[in-house]
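As structure tokens, one chain now follows by itself in the form predicted alone.
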């Protein structure tokens, strides 16, 4: 899925502005960058307050889950550029390996974009994109969809 309602994706700088309005994303240290070809990469900057196991140290699984959910929502916002946040219906996280004391990156892909519901996949890695630390699969209720 690569285009919004008018065939254009919301630019990454606009997503960055929307992200600035989400306090929890700021607390976690989530930012977005534009990658080659206009793709968007989300970044979870390493900080001591997101460590869950100080003896390893390893980033808390809840922080990784929240990061993947945020990356998925931000990618979905690029396809629904009116600025309304989609609502999670369900989100399944697969923790694949320990996330050490490094920045974590994620790319999300909208795999189905219907009128009411969208399906998004997200993958997170640290130093090597070929070795993901976690992945997520989620369904989201789109803005304006009937809820009952």
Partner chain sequence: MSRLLDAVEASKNMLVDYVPHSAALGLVVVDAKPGQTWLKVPWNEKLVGNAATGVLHGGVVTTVLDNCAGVSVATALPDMRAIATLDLRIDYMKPAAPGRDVIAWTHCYKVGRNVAFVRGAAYHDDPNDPIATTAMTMMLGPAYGPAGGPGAAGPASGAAPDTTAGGEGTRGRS
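Just so it is clear, the structure is predicted and the values come from calculations on it, not from any experiment. Residue numbers count along the first chain shown, from 1.
Same protein, other form: the form predicted together with the partner chain, not shown, and the subject of what follows.
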Among 31-39, 44-52, 102-110, 116-124, the region lying within 4.5 Å of the partner chain in the predicted complex by heavy atom distance | 44-52
Any non-hydrogen atom of residue 22 within 4.5 angstroms of the partner chain in the predicted complex = yes
Is residue 63 a contact residue for the partner chain in the predicted complex, using a 4.5 Å heavy atom cut-off?
-> yes
Partner contacts in the predicted complex for 84-122 (non-hydrogen atom within 4.5 angstroms of the partner chain) | 85, 88, 89, 90, 91, 92, 93, 94, 95, 97, 98, 99
